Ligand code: NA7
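Next up: just one chain, as structure tokens, the form predicted on its own.
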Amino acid sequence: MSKPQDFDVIIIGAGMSGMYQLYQLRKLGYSVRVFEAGTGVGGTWYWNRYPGARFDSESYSYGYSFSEEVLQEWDWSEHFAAQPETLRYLNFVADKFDLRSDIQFKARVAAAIFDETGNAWDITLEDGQEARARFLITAVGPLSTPVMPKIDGIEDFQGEAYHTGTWPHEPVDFTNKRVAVIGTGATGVQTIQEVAKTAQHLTVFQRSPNYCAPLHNSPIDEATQARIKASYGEIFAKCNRSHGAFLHDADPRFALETSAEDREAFYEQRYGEPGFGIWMGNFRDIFVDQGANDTISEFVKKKIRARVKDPVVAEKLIPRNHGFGTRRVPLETGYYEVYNQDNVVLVDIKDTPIERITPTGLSCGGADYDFDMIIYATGFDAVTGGFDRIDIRGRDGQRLKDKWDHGPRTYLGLQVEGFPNMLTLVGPHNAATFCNIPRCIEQNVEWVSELFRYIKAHDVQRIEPTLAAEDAWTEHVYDAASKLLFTKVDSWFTGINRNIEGKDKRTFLLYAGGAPAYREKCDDVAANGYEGFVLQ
């Protein structure tokens, strides 16, 4: 690309949404170029290779549903597949549909500037290459921008250092090593479980404990595989009906209207079942009524105390600043039992933060620790982070980052006023940000594809939402979330990230009204001639 090339559509990102959008737009006859920062497809599953990384939704509910051939040809080996298998699956899909021929790898987008005169987007890559397209589609992913903690001396450490979100492609060996893991969110929980198996010694530095629940993973035998393949239609229909597009939907009963005995039995049942049932398939009031939430929180606290032998350690592992499920629930396999091992120590840094990283380890609470390896499981700049690291400018040179300075504003989580011809798959305020993500990715992509079919049929050159439509949708997003206990808690759901300057203002990044309601709204907008959009 010695000079700018022109395309109908440029897509940023070759993860699950970018791959599927490419497949659909090529069918419609558009010329498409996908820019991908990595050396291969897969997005989340390309970058997150850390030990223990795996699905927390059932494998057969996670993969693409659009191709019957893929559904029948691919065999999932486990109910909750590990990262290597998931990446193999996504490469299988890319090969089957020859997607790589329209993807440019090692191509990180630095800037996307809207040219009002030419009515097109000018794209500049970090290496200076340029491209141009009438339409821009972002498929950057909600958890794609790893964040390092704000600790002095990070560059001084002389040992091995890794972030879970940018894990090396080659194996990392923990045998006979003193390892520190900083962070106990979802990636930290999965990593800690694996590192503890072989490390000489593991020290876990925890700032905010999380309520975790058992995954209960198991292999898929031949008979189960056959049943899954025969029932994909039913599986996806069930996902489409449920609030979060999982195979679990809320129990119609209320926790506080159920007897204590029946409630306890129900919690035991859910705790013993695979997957997100205890989170997404619980009593309908546990996320809106503090009293109801207290009942499940106390149940899980008892489980933690029963599984961790040292009562002092158990109390450190119990959250005090939020109730069960008001943050994303990490699913685990023997996580709490790790703290019963002689080679594992838990350090609570809530009151005694890490002072600095040293050449040989770190200083914390007046003590010096020596390590051979430090693993940063410190999460991501969620949802908006992937947008923030690209210089995106719309009409009149307005920067998207500036427009979203006090929280995102969107229409349907798919477009932004002032940024014509830009579509945001899995963007903020989009149901796909609070969802069994591939199910909602497919809804996003298929809706956008129908829009592009309409654009071609009606010779539309420009599409942009009205400010009134953006205002109304953003207000609806906050209204839908206001009833939930999620909004009272600091988490990536509410845009809080203490490791990032300026990310201390509570907002709401997701759409919490549910996947069925979101789909209905999007369909209504399309049926009414793309109401809320100006098409020229």
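We number the residues from 1 along the sequence you see. Because the structure is a prediction, the values reported are computed rather than measured.
What comes next is about the form predicted together with the named molecule, which does not appear here.
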query	finding
Contact residue in the predicted bound form, from Lys301, Lys401, Arg207, Lys177 (heavy atom within 4.5 Å of the named molecule)	Arg207
The named molecule: the contacting residue among Thr378, Thr410, Asn217, Thr326 in the predicted bound form [heavy atom, 4.5 Å]	Thr378
Candidate stretches 283-291, 230-238, 266-274, 186-194, one within 4.5 Å of the named molecule in the predicted bound form by heavy atom	186-194
Contact flag, Ile182 vs the named molecule in the predicted bound form, heavy atom cut 4.5 Å	yes
Interface membership of Lys150, the named molecule in the predicted bound form, 4.5 Å heavy atom rule	yes
Touches the named molecule in the predicted bound form: Val93 (any heavy atom, 4.5 Å)	no
Distance check, Ile349 to the named molecule in the predicted bound form, heavy atom within 4.5 Å	yes
